[in-house]
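Only one chain is included here, represented as structure tokens and corresponding to the form predicted alone.
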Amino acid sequence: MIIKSKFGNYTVEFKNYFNENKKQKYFYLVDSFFKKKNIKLKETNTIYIKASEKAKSYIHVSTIINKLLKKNIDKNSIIVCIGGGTLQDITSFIAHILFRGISWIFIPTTLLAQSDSCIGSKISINFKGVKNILGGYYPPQKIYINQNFLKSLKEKDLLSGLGEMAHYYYLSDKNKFNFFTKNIHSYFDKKNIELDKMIKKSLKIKQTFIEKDELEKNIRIYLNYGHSFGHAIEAISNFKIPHGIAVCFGLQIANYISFRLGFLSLDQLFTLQKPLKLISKNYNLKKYNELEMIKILKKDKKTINNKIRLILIKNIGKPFIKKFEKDSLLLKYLLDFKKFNLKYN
């Protein structure tokens, strides 16, 4: 799979191994989860990182850069990232700014990273509590997807990956949406799920958006569907709600607002919400504060002139941008969503 990029095309390979080029010098940034696992790496060139939103801070990133410099990394070195989306953000940011840019390779280990974040070129870290406010675009040279990593996934991480993956299927077409829905029901009924096919379809859908609009000047903004609310929910929960689950809730809120605005019928809303409610059923939003959510949405990158803009949906594959002139209307919908959810849960 070749992804076309303004910053240089890069490949996604589905294979269970990665071989070093003996002519290159490699440095590894690895999720500390794998420190006790049987991954054979050159320890002197390896830095283990406990992946968390706090680790995505500018201060923490600078300490990692300092460690790499002490290990004598140079312009011609390659950084290999082994971990999920959080470590990907850290690594891509470092690779972009170090020596004005060095090559990096990504080996994603989570469902969320394998099915979504590994492609798209975006890099981002947090600053002063605001998620993903610093960043740019800097894709890896290569991506190796080894699905053996998914065998040890905890259910919450699997569901988080499915929650993030969902928005691609809602933005595609009815056939793909039905495929996604069928797999979600199959997982909860029989613990059967076609992860391999789901990952590949998800990446293909994302590819169509990013290759047409890599810098998010046009249609790529639709990929933020559910994410403005999702990022706010993460922040309000102090990141106790996993990213993909927060996005899953964000999709439900976006769908409900689309319904309230008259773009979805009640039957359409129930159809869209059903798989999302299954994915997020182990969590609840009873304690989230709507005013705090509005405050966070004001800092969202889509907000212009202090007017909140959201990605909503008219039906499968029909997203649109809605600007809210008054916060009071959005606040009312957020309050009503909570009541609606309690009524129909």
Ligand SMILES: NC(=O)c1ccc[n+]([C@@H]2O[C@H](COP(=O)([O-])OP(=O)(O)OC[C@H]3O[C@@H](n4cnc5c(N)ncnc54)[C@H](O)[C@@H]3O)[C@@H](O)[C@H]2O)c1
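All of these numbers come straight from a predicted model, not from anything done at the bench. Position 1 is the first residue in the sequence shown; the rest follow in order.
Although it is not shown, the form predicted in complex with this ligand is what the next lines describe.
With the partner left out here, this ligand still marks one of 274-282, 313-321, 293-301, 46-54 in the predicted complex; by a 4.5 Å heavy atom cut-off that stretch is 46-54. Of the candidates I241, A113, M198, V80, A113 is the one whose heavy atoms come within 4.5 Å of this ligand in the predicted complex; the others do not. Among the residues F149, Y187, F259, Y225, the one placing a heavy atom within 4.5 Å of this ligand in the predicted complex is F149.
By the 4.5 Å heavy atom rule, the three marked residues E216, G250 and R309 all fail to count as contacting this ligand in the predicted complex. This ligand in the predicted complex is approached by F34, whose closest heavy atom lies within 4.5 angstroms of it. At least one heavy atom of T109 is located within 4.5 Å of this ligand in the predicted complex.
Put simply, S237 is far from this ligand in the predicted complex: not one heavy atom of it is within 4.5 Å. Proximity of Q207 to this ligand in the predicted complex falls outside the 4.5 Å heavy atom cutoff. Along 159-181, residues S160, E164 each place a heavy atom within 4.5 Å of this ligand in the predicted complex.
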